[in-house]
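Take a look at this one chain, the form predicted on its own, written out in structure tokens.
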């Protein structure tokens, strides 16, 4: 807080949804602190409450309204409470949110996260503000209040130009806007100077990075691609590990796979959603690739990096999906053997083509398919975890195990969460940010335990 900024009270941010939302929340927290707010200990005692919302699934949206109801009730007895809804539900609902929850002070879409201070200034003048218009995202790399001091998110591209028939993201996050490579590298250098060791480069469709930036190489290809960006930022001193998400099979190139294999700091972990194991369903989803194309990507990754971990997203019970088509999804999961899969039953979203199709499946079918899918995903994850037993893995320590303060936790390069004792034989404590070798003694579906090598 600077000398000119008087304390304004406390704030609380609740984040729903994806990593992009978490990164946006860190930036908004930084802006609030630069304005003179301090982090509250309790949501129900905060002077400003902000919900950064997600509209990918209906249940996430309904949870937001449940939270909002409690805060709206609180505001009736405490009119000085500032109530903000940010993110994708805000963008989707706009002014209709004010009609549903008239106690709201500010409704702001994801493109306006960097303008929180400007919008709150309007609120302080007595206005009820809705900011959902198309907005060019300005560079702002100085204000984020990071939740971790070891692992940081860095946005490289905002928005999405795809038109998947089930997905609301393009309409709520806007068109693609790539950041300049120099700005991304500058932010990473700043984080390295603060002691950060791992960076995850973020984009809703990160493989599209750079296609809105000018420039063609002498070989006739785009000058700015995700592959070029990885080469550009790889030598940032102090950063030990680099990850990226989320990928799209339509744009995932062999050149990118080769860069990941060749660049030491890029971790052997790939998150590539496939959404369905059936070509007809993929066509109905407008995904732009076939199951065979997806298989070839995985084969090439495993050819170059045999131990790489693979995670994905999948949707079952998409409108019109037959039992045979659903079974093909199970077969693909069985065949590839993912380390982790984020699963969901189809949920109709506003302003998406699939929501209006007449061939919607029943809730009973959705529940049963999701149950069977989740059981298979866990079984395959356990099988994949078995390969770690007895191995020595390099772990980047992120902090204490919240369930056991005698342990610390961190991740393998392949993104497996790992727990182990927090003190060495000489009694010295292991610090967050250290890279240590751990012998894996216990394997579980989604985590590992071990001892110092």
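Numbering follows the first chain given and starts at 1. As the structure is a computational prediction, the values presented were derived from the model and not from experiment.
As for the form predicted in complex with a small molecule, it is not shown, yet the points below apply to it.
Scanning 338, 294, 166, 153 against the small molecule in the predicted bound form with a 4.5 Å heavy atom cut-off leaves one residue, 166.
None of 282, 202, 315, 199 but one reaches within 4.5 angstroms of the small molecule in the predicted bound form through a heavy atom, and that residue is 315. Looking at residue 287, you'd find a heavy atom of it within 4.5 angstroms of the small molecule in the predicted bound form. Proximity of residue 349 to the small molecule in the predicted bound form: non-hydrogen atoms within 4.5 Å are present. In the predicted bound form, at least one heavy atom of residue 248 sits within 4.5 Å of a heavy atom of the small molecule. For residue 56, a non-hydrogen atom is located within 4.5 Å of the small molecule in the predicted bound form, even though that partner is not displayed. Only one segment in the set 166 to 174, 252 to 260, 67 to 75, 300 to 308 has any non-hydrogen atom within 4.5 angstroms of the small molecule in the predicted bound form, and it is 166 to 174.
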